[in-house]
Every structure is written in C-alpha cells, then in structure tokens.
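The chain below stands alone and is given as structure tokens, in the form predicted alone.
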Amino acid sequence: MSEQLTSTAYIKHHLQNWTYGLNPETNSWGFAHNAAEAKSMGFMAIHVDTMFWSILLGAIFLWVFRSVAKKAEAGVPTGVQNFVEMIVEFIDSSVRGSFTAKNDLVAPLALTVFCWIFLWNFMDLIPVDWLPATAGWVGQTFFDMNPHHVYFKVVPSTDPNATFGLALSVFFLTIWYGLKNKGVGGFTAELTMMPFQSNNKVVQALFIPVNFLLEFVSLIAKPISLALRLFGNMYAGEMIFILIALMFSAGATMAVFGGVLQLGWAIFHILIVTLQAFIFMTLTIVYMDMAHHEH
C-alpha cells in the first residue's frame, strides 16, 4: 500500500499538473514524478492534463453544436436544439450590443470563447478526488506507478498556461485587425499621439514617448487582465473545494459539515463559472470592436 498523504501534500498533489518534458538530470524526455522534477523541465514542458481536457472539451463543444445544426428542424425543437439555439441567440445579442463594425469572425469567436471557457470552468464542479483518483488507479494498475506520483488536474482554467494562451490568441487577433483596419500609420498614431496632444509640433514630439508608455501599458494590460482574472477566480474556487475535501477525513461530524459546505459552494460556484466565461467573452467582443474603429 502507498503511504497516506498529509494535508499539505494532498493540496500540493491536487495543484500539480501532469507534466511532460526534458529532464535536465537524465537528459531524456518523460513525465515528471514530482513537483521539483516538473519545475526543472522549464518553460518548454507540456502540461498534458491541461492539453487533454482542453482538446477534449473543445471537441465535445464542436460535436454537440455540429450535431444539432445538422439535425435542426423548423418545427418544435428538441431539448438540446432549444438549449443550443438559446446560447446562440444570447451570443448574437451580446455581439450586436457591443460590436458595431462588420466582421463575420466575431460572433463565432465569441461563441467559441464562451462555450469553451464555460466547459473548462464547469470541470471545477466535479468532486476534486474523482478523476485524479481514477487516474492514480489507472497508473497503479496498468503501469505499476505510485498513485501519489500520478498528477491529473482537470480544470484547464486553473492553469495560467491555458488562460494566457487563450488571452494571447484574442490579443493577437485584435492587433491584426487593428493593423488591417487602421493601417500601420493609424495604429502607431493611436499609441503615440494620445492622450496628450498639442498644436505645437515640438511639444507634441516630446509627448510621443510619454503617450507611447501610457498606451503601451494599456495595450499589454488587456491580455494580462483577461488571463489573470480567469485564472485567479478559478484557482481560488478550486482551492476552496480542495480545502473542503480535507474535512471528509476529519471524522463523521466534519464530513457532514464538509458535505453541506461543498454543496453550498458548488451552487454558488455555478454563478462564478458562468460569469467568468461571460466576462471573457464580453471583453473579447469589446477589444475586437476597438480594433475596428479609430480612436
């Protein structure tokens, strides 16, 4: 039998990603067996669990919406079709309310961002031990691994690599459409000619570096705020679920109390899960709208 985890080790185990990378000590590629080994693999290491769940949840989203679209009927819709149509109408009204230009990419982008992030976040509502324990059992049974060395985080939005990856994708799209619609000159002017202006050309030239510093910070803050807001809220929510789970090993009374807390937090967390997906989607639409209009 494997040794029991302490409370601290239990928390660290649940917060550690399943990492694949180059081990500098052995100079070979493989999976990390502990947090220190994962850290030593550096920037190029891959969080396999984040990639697995992100791709799987994205595929589920595409499959469900494609299946409904293929079977859609003009008559009385089925429950799933009605649900999908409700989401599409919600996204359509959000885009119409915040995006004033013309770009056929924005609505599908907003739909994808909202549904994908919602599914990421929804994984936080699955009891914290179920899937990691299953992964540990698989590792022990079929690969003769210590289950305490099998890491399996199931909430992609608690991994900053995932949130920053999505935020940077939106950021690069806004840069691309900003350059496409305003030209290099117009895009550069927005970074250098405001907010401080003067009719005197010499004074305006002196304002350029100050304007650039202020506008550049504002520009870079967009993807950082998108990524950190989503990561911070979901990471905190996951941490609370983990702390509540510890109560189940502290006796029957604490287990009952922990069950009540877990139910209450899960109900409240449904709001957080949905709200974070909505905020990310709304800001994506707003940033895309800004990229299509002159300041």
Partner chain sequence: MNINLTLIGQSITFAIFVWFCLKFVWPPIMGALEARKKQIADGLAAAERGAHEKELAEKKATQRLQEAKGQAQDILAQAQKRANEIVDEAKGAAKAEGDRIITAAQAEIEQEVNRMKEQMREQVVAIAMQGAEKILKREVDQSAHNDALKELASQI
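This one's a predicted model, so the numbers in the text were calculated from it and none came from an experiment. Positions refer to the first chain, counted from 1.
Although it is not shown, the form predicted together with its partner chain is what the next lines describe.
Residue heavy atoms within 4.5 Å of its partner chain in the predicted bound form occur in exactly one stretch of 209-217, 125-133, 156-164, 189-197, and that stretch is 156-164. Distance criterion of 4.5 Å from any heavy atom to its partner chain in the predicted bound form singles out Ala38 from the list Ile242, Ala38, Met247, Ala266. Using a 4.5 angstroms threshold between heavy atoms, Ala255 stays clear of its partner chain in the predicted bound form.
In the predicted bound form, its partner chain lies farther than 4.5 Å from every heavy atom of Ala205. When contacts are judged by a 4.5 Å heavy atom cut-off, Gly183 does not count as touching its partner chain in the predicted bound form. Though the partner is left out of this view, Asp144 does not reach within 4.5 Å of its partner chain in the predicted bound form, counting heavy atoms only. Here the marked residues Met44, Val84 and Val113 all reach its partner chain in the predicted bound form, each with a heavy atom within 4.5 angstroms. If you take 170-194 and check each residue for a heavy atom within 4.5 Å of its partner chain in the predicted bound form, you get just Val170.
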